[in-house]
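Next up: a single chain in structure tokens, the form predicted alone.
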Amino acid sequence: MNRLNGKVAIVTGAGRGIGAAIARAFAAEGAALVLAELDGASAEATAREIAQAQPGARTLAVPTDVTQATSVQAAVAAAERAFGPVDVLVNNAGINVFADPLTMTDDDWRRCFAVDLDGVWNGCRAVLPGMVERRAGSIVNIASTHAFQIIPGCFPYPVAKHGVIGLTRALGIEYAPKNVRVNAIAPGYIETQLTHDWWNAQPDPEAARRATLELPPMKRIGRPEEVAMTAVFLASDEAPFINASCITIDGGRTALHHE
């Protein structure tokens, strides 16, 4: 549909799940795309899948560790060499770290924040100078409904995701005069491999799956493609006045009053 035609985009964590869905959607909409992924093999596989489905799509897989600022800067440089200045960044890479606060190790705390918050900042910091200079750009940060609803047993993940929302709003306001937009998406339950892994780790996987499907008012969970199309919208010229905002994709779950 060419909604991103002429734009150069980077998607972190693009090898699987929501990141891969965003990569596929961006390529389908005409973006030249860098898949920045710690697991280089999965990024290559997604790039091949895109090439098969969309002949002529411009993709480049770049092994990237979002916890390392130099690695993210190298991915941005690779994008610029291959396709030109970066118009869009999607900070999607993330990990789940769920622990008891009083028994959690320092390493778990640092690992959670290194990926889920520092990784987002590393991406923003790498693309912002060019976007500010050109007075154009869109950054989309993948947050979570954990950013505003606390579920017991999930510490410290929601702390990091609260930080992502704060970072999104602060940078969105800071660079609004330069026509650089920074927004977030907060997915709820989305059917990814991580979700299936969690179901399968429960004593009764089928019962866990049914219970999850009952939570949203729509009585289903989301699909990665539904998150991806919202990312396309925020990255496109269709959202020029949306800034420092967060769009929730959870089927109404967080709006539901619980007795």
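Please read all numbers here as calculations on a predicted model, not as lab measurements. Residue positions are given as counts along the sequence shown, with the first one as 1.
The next section is about a form of this same protein that is not shown, the form predicted together with a small molecule.
Screening 148-156, 167-175, 77-85, 182-190 for residues having heavy atoms within 4.5 Å of the small molecule in the predicted complex returns a single hit, 182-190. Ile142 is the sole member of Ile142, Ala126, Met131, Cys112 with a non-hydrogen atom lying within 4.5 angstroms of the small molecule in the predicted complex. At least one heavy atom of Ile18 is located within 4.5 Å of the small molecule in the predicted complex.
Among heavy atoms of Leu38, some come within 4.5 Å of the small molecule in the predicted complex. Mapping the unseen interface onto this chain, Ala160 falls outside it, with no heavy atom inside 4.5 Å of the small molecule in the predicted complex. Residue contact with the small molecule in the predicted complex: Glu44 places no heavy atom within 4.5 Å of it.
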